[in-house]
Each structure stands twice: as structure tokens, then as C-alpha cells.
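Just the one chain here, the form predicted alone, laid out as C-alpha cells.
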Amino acid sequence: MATGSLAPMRFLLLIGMLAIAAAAQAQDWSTEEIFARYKAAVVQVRIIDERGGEKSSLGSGFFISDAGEIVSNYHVVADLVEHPGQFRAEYVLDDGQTGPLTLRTVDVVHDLSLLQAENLRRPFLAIESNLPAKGERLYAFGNPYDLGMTIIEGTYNGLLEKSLYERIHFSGSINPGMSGGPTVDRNGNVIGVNVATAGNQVSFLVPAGYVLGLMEGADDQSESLHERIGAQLFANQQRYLDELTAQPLITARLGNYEIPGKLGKYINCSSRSDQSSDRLVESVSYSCYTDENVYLSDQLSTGAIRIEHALVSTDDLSQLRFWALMENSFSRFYAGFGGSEDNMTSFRCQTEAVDRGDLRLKVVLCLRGYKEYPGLYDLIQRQITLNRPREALTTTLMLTGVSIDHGLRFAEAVLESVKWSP
């Protein structure tokens, strides 16, 4: 009886010792050993121009199942969506073997894509949705500059604090061609997907947990890729604009005005004064903006917020000359939104006067639509105060990829947040 009771305990103890030994062994793996263990699960993804027959662009990817499923970035394969029939995708294995790839689904908000290699079984990597401890050693795989399979050592430095789109800060050199490759821990679990770099070993990863969401509904054929992307963009703008308009906008002070300021933790703000000695007018600018956007193509991105304020005044110009200068400046504004007539309509604008007693404004609202994603628009709202003889505050709001309802609601909130407050 005593022997029977000790057997399970000895078994559990043995399992525990084996687990400890395995963990210790994993900690001792060199970069060389990690590369040898996991390189077979990483591929180069090539986008081939059908007419020329050669690669147009390239990135990286990795297997997530033994059924030939490969994850990469959306921006690596965007030409397959934007120019169907003009491009095709293929994989290149670590041993040089190549084959065709089919695009199954995408997540444009998190810059992910899911591709399929038929009749191909390879080692695959596990997805780890839990984030490691800050400072933990990580290893990025990919094909930088088409130089062949490469491994980069780096460290996990947490999630970016000022980011509308969740990103991991990875201290390591992710170079062009590594986009879409995996960054793994010492056990070969994917912590993030390589996505971008700012240089000087400041790089960014998409948290691997979003890969799990990418796989959900991948086989749903009820909608086209453009319809799926449109739904993702609509849900994304709804998420952050609902959050911003759920309460009064946070304001800052510029001269005798209250203005919309740092609206959220992912909003960056900066200001600058004109210090030139020969100036006829004095000006102070105050800008708040998101640093990230959603990539759609080389010519077009979306999902960004920018608010620019400029307080302009003069002691040297007459009232007539001052307002002639302000009107000329106000009418000459152009925003670099990108896109072309192939995928965007022209801006259509309307002007109105707003009188709030102590504050009179001229407001110009402009919209242009996304041809491939009906119901989404870029919005510009320009407003200028008219209640002071030699002083004016201009405010410019720029939103990309928003619905009319959400865009107008936020534009109204920005308009209402500007107040004269002597």
C-alpha cells in the first residue's frame, strides 16, 4: 500500500524535474542553436510581377500549422489585394525550395496576412499571446535585403505607450525584407510579428495574440477581401472615435483660447513660436497627432488623427491687411492625404458661419470618399475665429478613414471645444 501511494508522487516529481531540466536547457541555448531549431519554420515571401516575371517586393513569413498556413504582414502582400491579377505570391524555404502561395485573409488594422501553401508540411511555430518580462531576450527571424535567412538578437521592451495601434518595442535591428517574420522567445514561441523599424535598433512588432484573431473566420467565403477590409476599417474608426467622444475633449490653453489638446495617451502634441525678428505677425502653433496609421497601399494610408492650431496676431499691420493675409493663408491650405483618383473621390466642401455669442467663426468642412471601401471618408475641418480685429485662431482637423456619422460627431466636438476664455 505504501509503495502504491509513493509511485504517483515519484512520477510527478520526475515530471517536475524533467520540466525544470528542459527549461534550464532552453535558457542555455545559444543563438546558433535557436537558429538551427527554428529556421525551417521561416520562409521568404516574394511578390512576383506577372508581366515581368520577376520579384516586385519581398518580405518574410512563418508557418503556424502543419497544413501549410503562413503568417506575414499585410503590407508585404498588399499588391495582391490592390492589383489582383497583376501579381502573385510565392514562398522560398530555407533550403531554396519554392512554391505558390494563396492569400486567404488579412487584418489591415494590425498589418497581418494569412497565406496558404498547398501540399506542404513543414515545422511550425507556436503562438504565445502572453507577453514576456521586460528585458527578456528575443530572436527575430527574416530575410533582410534578400541576403538570406537571418537571426537578430534583441530584447523585449514592453508595449508602446503612445500608440493607437498596439505595438511591441523590440530593441534589435529589423531591416527591410524581415517584415512578416517571427520574433520568438528561447522556446521558439512567437511573441510578435516583425513590422517596422525606426533605425538604431529601435524596432516594432505586432503582438502575436493578434495572429489568433486573424485565423478566426479565415475560411469564411461570404465576403470579398475588400469587403472584409472595409469592415475592419469601419470597426477600427468606430472604436477610437467612440472612445474619444464618450466624454468632453481634453483642452489646452493657447493665448486667450481653450483648444482641443492631448486627447488620449496615444496622441502626441508639440508647439512652436515664430521667433523671426522681422516678422509682421506673431504666431504660435500647437499640433496634436497620432504617429501611426493603417497601411492600405504605397500611396494611401488611413486611420490617423491630426489637429493643428495657429494663433496669429499683429501690432504692425492694419486690420484690413491683417485679414487679407489671414484669408489668403486660410484658403491656401492643402493636406497631403495621398491616394489618387483611382481610389478616392475629389474633396467636396461646404462653408458656414458659426456665431456663439463671444465667438464668431468661419468653418469649412470637406469630405472625400474611398471608392473601394464605401462608407469611409477622409475629413478636413478648417475654422477661423472672427471676433478679434488683429488676432485670429485657426484650427484644422484631419481625419482619415472615418464614417460620416463618427467623423461629423468628432468634428462637432472639436468645434465646440474651441472657446474664448480671456
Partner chain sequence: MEPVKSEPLAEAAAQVPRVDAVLEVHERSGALRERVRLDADRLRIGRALDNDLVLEDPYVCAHHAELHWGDEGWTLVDLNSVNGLRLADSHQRLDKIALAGPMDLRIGHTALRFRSCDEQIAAARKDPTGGRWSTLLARVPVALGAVVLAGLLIAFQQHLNQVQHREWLPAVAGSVGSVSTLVIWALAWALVNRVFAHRLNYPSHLSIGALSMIGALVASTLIEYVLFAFSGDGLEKVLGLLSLFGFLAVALWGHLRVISPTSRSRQALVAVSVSLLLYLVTYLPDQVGDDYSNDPQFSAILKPPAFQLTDGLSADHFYTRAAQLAAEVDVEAAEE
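Residue numbers count along the first chain shown, from 1. Predicted model, so just to flag it, every value in this text is computed and none were measured.
What comes next is about the form predicted in complex with its partner chain, which does not appear here.
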Query - Triple contact flag L320, L325 and V363 to its partner chain in the predicted bound form, non-hydrogen atom at 4.5 angstroms - result: yes
Query raised in the report: its partner chain isn't shown here, but in the predicted bound form, which of 64 to 72, 38 to 46, 51 to 59, 375 to 383 has heavy atoms within 4.5 Å of it?
Result: 375 to 383
Query raised in the report: N119 near its partner chain in the predicted bound form, any heavy atom under 4.5 Å?
Result: no
Report task. May I ask you to check whether L93 falls inside a 4.5 Å heavy atom distance of its partner chain in the predicted bound form? Result -> no
Query raised in the report: So in the predicted bound form, does any heavy atom of G339 sit within 4.5 Å of its partner chain?
Result: yes
Query raised in the report: Within a 4.5 Å heavy atom cut-off, is L131 in contact with its partner chain in the predicted bound form?
Result: no
**Report entry** Listed residue (I152, M344, L214, I267) with a non-hydrogen atom within 4.5 angstroms of its partner chain in the predicted bound form
**Finding:** M344
Report summary line: With the partner omitted here, the residue among Q97, S224, S331, Q247 that in the predicted bound form has a heavy atom within 4.5 Å of its partner chain is S331
Report task. May I ask you to list the residues of 391 to 422 that have any heavy atom within 4.5 angstroms of its partner chain in the predicted bound form, in sequence order? Result -> I404, L408, A411, E412, L415, E416
